[in-house]
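Just one chain follows, in the form predicted alone, and it is written as structure tokens.
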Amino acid sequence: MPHSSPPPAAPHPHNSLTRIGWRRLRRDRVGFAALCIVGAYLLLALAAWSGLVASHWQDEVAHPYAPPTLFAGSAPHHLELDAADIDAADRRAASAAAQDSSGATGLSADEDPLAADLAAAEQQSAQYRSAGQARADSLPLGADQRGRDVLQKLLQGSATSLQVGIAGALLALAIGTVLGALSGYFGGLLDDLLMWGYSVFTSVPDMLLLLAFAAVSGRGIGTVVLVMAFTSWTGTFRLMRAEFLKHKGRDYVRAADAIGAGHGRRMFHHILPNVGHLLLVQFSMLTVALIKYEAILSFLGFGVGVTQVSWGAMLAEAPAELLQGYWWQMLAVTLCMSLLVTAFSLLADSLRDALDPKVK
């Protein structure tokens, strides 16, 4: 009997583009290291959001401008009054006030109606001085002008910056995807109208548009997220419009139309999964851009509120500190932000290569 060749093996059901991309990413040492760094930042941000770490970042636990522990001996000295000097000044002020009060009213100290209030104020002053004497002389990353721990501010600031960057990127991605899908799939008058809006937004520089909306909208995390999403959707719109224009005439979309699938199902059930890898890369790139935009807005005073902390808000304190020789807060924020932005950029490049179906 003639030997018949075995039928060709069916493709493995698990060899999807996502699994192939994950295997490629694991083999990419730089991309996988960047993924681990981004994951570590996200874990720290989740711990800060849940209150496990940096929940007391507003506490004044050290002397103003307390230096980092490794540089405690070489850091510039911050001039402060001793507790004895404060006590002596308070006693002199209280004595002068008592003399003025008794001389003006003719009452003795025991008859003075303000004596109880002065005694209570003196007691509160003594409690404040005793609390101030218990402050630390140095911290692992130093302290700011109010004696707050820079390390705790850094952890809480990373949570705020990542929250703004990720939420803004997701919202911008959703706006750009929906508008790009509608424009590319339907075309015609709707495409012309959306392209006109796209041209209007892209004709203004990104930072100028961002500052204009931020100045009108006010401060706060929610406001910053909305402003950045509303001004950052254009790149996703252009990408999705081109992809939907390309895919809407392919055989699998025509087959879905032949079996009765509606426009919405063809757009978001058939075409969108085939371009989802591009959205993942776009999300990484948008997150990097929005983290930098948030830092710029907070540095200029248009970012998060005064009761919140972010990397931009910490950088806003740096000029006054550098003039006095206190460099540790700026160095910590710069290194932390640079590491995250670099890791996100490298991860976006690795994801683009790993999820490219043309790469064998």
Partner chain sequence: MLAYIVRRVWQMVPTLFGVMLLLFVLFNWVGGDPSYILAGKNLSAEALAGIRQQLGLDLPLPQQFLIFVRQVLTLDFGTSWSTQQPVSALLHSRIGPSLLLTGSMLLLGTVLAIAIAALVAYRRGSLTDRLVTLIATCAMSVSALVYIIAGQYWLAFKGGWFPIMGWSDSTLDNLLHYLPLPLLLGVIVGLAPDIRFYRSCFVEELGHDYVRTARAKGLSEPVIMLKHVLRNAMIPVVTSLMMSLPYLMMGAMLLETFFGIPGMGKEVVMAVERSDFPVIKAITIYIALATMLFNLLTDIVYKLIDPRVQLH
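Please read these numbers as outputs of a predicted model, since none were measured by experiment. Numbering follows the first chain given and starts at 1.
Not on display, but discussed next: the form predicted in complex with the partner chain.
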_To verify the annotation, which of these, 53, 318, 61, 38, has a non-hydrogen atom within 4.5 Å of the partner chain in the predicted bound form?_
318
_Answer option from 323, 70, 306, 43, heavy atom within 4.5 Å of the partner chain in the predicted bound form_ = 323
*Applying a 4.5 Å heavy atom distance criterion, does residue 34 contact the partner chain in the predicted bound form?*
no
*May I ask you to state whether residue 299 is within 4.5 Å of the partner chain in the predicted bound form, using heavy atom distances?*
yes
*Contact of residue 47 with the partner chain in the predicted bound form (heavy atom, 4.5 Å)*: no
*Would residue 204 count as a contact of the partner chain in the predicted bound form, using a 4.5 angstroms cut-off between non-hydrogen atoms?*
yes
*Thinking of 196, 212 and 295 as one candidate spot, does the partner chain come within 4.5 Å of a heavy atom in every one of them in the predicted bound form?*
yes
*For the chain seen here without its partner, which of 175-183, 148-156, 135-143, 212-220 has a heavy atom within 4.5 Å of the partner chain in the predicted bound form?*
212-220
*If we check the partner chain in the predicted bound form, which of the residues in 249-280 reach within 4.5 angstroms of it by a non-hydrogen atom?*
none
